[in-house]
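Take a look at this one chain, the form predicted on its own, written out in C-alpha cells.
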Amino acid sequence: MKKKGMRSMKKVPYKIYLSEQEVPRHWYNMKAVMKNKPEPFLDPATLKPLPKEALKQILVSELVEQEYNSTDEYIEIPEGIRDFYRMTRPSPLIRAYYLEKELNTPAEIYYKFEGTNTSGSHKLNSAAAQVFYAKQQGLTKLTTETGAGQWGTALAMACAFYNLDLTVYMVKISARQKPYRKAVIETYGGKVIPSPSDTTEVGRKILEENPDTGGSLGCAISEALEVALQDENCRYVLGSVMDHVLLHQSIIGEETRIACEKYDIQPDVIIGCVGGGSNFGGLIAPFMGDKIQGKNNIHFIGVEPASCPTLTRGKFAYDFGDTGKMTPLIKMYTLGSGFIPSPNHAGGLRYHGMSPILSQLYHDGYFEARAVEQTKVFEAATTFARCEGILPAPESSHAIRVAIDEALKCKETGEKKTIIMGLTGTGYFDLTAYMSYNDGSMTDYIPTDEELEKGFESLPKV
C-alpha cells in the first residue's frame, strides 16, 4: 500500500542514462532553421561585415567555419572528439522525485546533470572540441579567460589530453574566491593569471583607470586576446557566447531529447541559467529548432542574475565582446563592454553580453528571460541540495530557483506540467558563497538605471 503523502513512482527511473551507442554523433545547429539569422560580425574600423579570414587570425580555423555555418542543421562530431566524450558522456537526465515531494507539487521536474566530470560542469563539451581542432591545425598554445573557473578547468583538462600549452586569465575576484579552482587548473598544466594583470598592455591600462577593480570577463578576454595575437602558434578560445560554442553544447539538448523520446517525456517548460548563453543554448537547441518549425509549444526560460541583467535590462545593439575593445562588433543584448559587474557570487554569469543566437531568439520572442537576486538563488540551491543530494553551482542555481517557482505555480493552480532544467555543474568550489548565505552576510545588489547607463555610454555608434 502506498504511504500517505508519497508520490506514485512512474515508469521513468530516477536516473536516465543512455547507452554509448545512443550518444549523439552530430551537433545541432539552430541557425540553420532560424527565421531571422544573427547579424554578421562587423569590422570596428570599417563597420562592414568581417570576413572569415580576419577572424582566423584570432580563433582556430575550423571553429571559424562552424561560426559562419548557417545552413547545416546537423554537423558531424569527429571520432577524435567522440573518443574524449566517451570518458564523460552520456550525462544523466534525473527525475527530481524528492524535490517534487518537498514542494508537494503536481509538476514533474527533471534535471540534466552536467557535473559528473572533474571540471564539474558542461564546459568540457566545447573545450574538448576546441582543443581537438587546435591540435589538428598544428597549434601549440592557447589562451582564454575564465570567470567562475569551470571553463578554465575544462580547457586545462582538454589541453592536457591533447598536449597543448594553456594560459588562463581568471577574473580577479573569482581567483580570490576560488583558489582551489586555480589549483585544479595548474594540476592539469594550465597557467593562471588573475585579471586584470600587469602582464598585458590592456591589463595595465585597466588597472591604471580602476586599481581596485575585481575584474570582469570582458577584461580577461582582452588580456587573453592580446597574448594570442602576439604568437602565430597560439589562438584564443572561449567557453561561451560564440555560435560554435553553442553548437558543441547542443550535445546536452540532443541527449535530453533522446532520453525524452525513450521514456515518453513531453516537456512543457525548459529552464536554464544564462551568462554568455552556452549551456542554455545547448540544452534548448533541438527543442528550439522544433519550436521554430512549429513542432512544439515549449515555454523556454533563461535565468540571469539581477546584478548583471543582460537580457532583461540590456540593449540589443552592436558592441565589443571585451572591455579592451579588441574583438569584432557583435550584435547582441549587452550592458556595454564598459560595464563592470558587482563582485557577487553569480560567477560565470557576470558577462556584459549575450550569445548572438540567443539574443536574436529573445528579440524575436522565442523565450522568456528572468532576473533573480542571489539570496533567492541560494535559498533554492539549499533546498535542492537537501532534497536531491547534489550541491549545485551558483550559476546552475539560478535555473533551480525558477524551476521551483514554476513548480509552486503548478501547486497553486493544480496544473500538471513537465519541467526540465539544466543543472550545469557542482558547487564544491563555491563554498565561500554558501558560507556567506549560511551566516546571513550575503546581500543582494541590483544596479540602478544610472549605473547601467554608464555601461551603455560605451556602446559604439553603429
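By rigid core we mean the largest C-alpha set that fits within 1.5 Å across both forms. In case it trips you up, residue 1 is the first one in the sequence shown, and so on. A quick note: this is a predicted structure, and the numbers were derived from the prediction, not measured.
The form predicted in complex with another copy of the chain exists for this protein as well; it is not shown, and the discussion that follows is about that form.
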| item | value |
| --- | --- |
| Partner contact for Thr432 in the model of the complex: another copy of the chain, 4.5 angstroms, heavy atom | yes |
| Close approach of Pro78 to another copy of the chain in the model of the complex, 4.5 Å, heavy atom | no |
| Partner proximity in the model of the complex: Tyr98 to another copy of the chain, non-hydrogen atom cutoff 4.5 Å | yes |
| Any non-hydrogen atom of Glu388 within 4.5 angstroms of another copy of the chain in the model of the complex | yes |
| Non-hydrogen atom within 4.5 angstroms of another copy of the chain in the model of the complex for each of Met87, Asn117 and Ala183 | yes |
| Contact assignment for another copy of the chain in the model of the complex, among Asp83, Asp290, Asp231, Glu261, heavy atom within 4.5 Å | Asp83 |
| Listed residue (Tyr188, Tyr366, Tyr236, Phe316) with a non-hydrogen atom within 4.5 angstroms of another copy of the chain in the model of the complex | Tyr188 |
| In the model of the complex, segment of 69-77, 143-151, 172-180, 352-360 with a heavy atom within 4.5 Å of another copy of the chain | 172-180 |
| Residues within stretch 210-240 having a non-hydrogen atom within 4.5 Å of another copy of the chain in the model of the complex | none |
| Core-aligned C-alpha movement of His363 between the shown form and the other one reaching 2 Å | no |
| Did Leu329 shift 2 Å or more between the shown form and the other one, C-alpha, core superposed | no |
| Displaced residue check between the shown form and the other one: Val192, CA, 2 Å or over, core reference | yes |
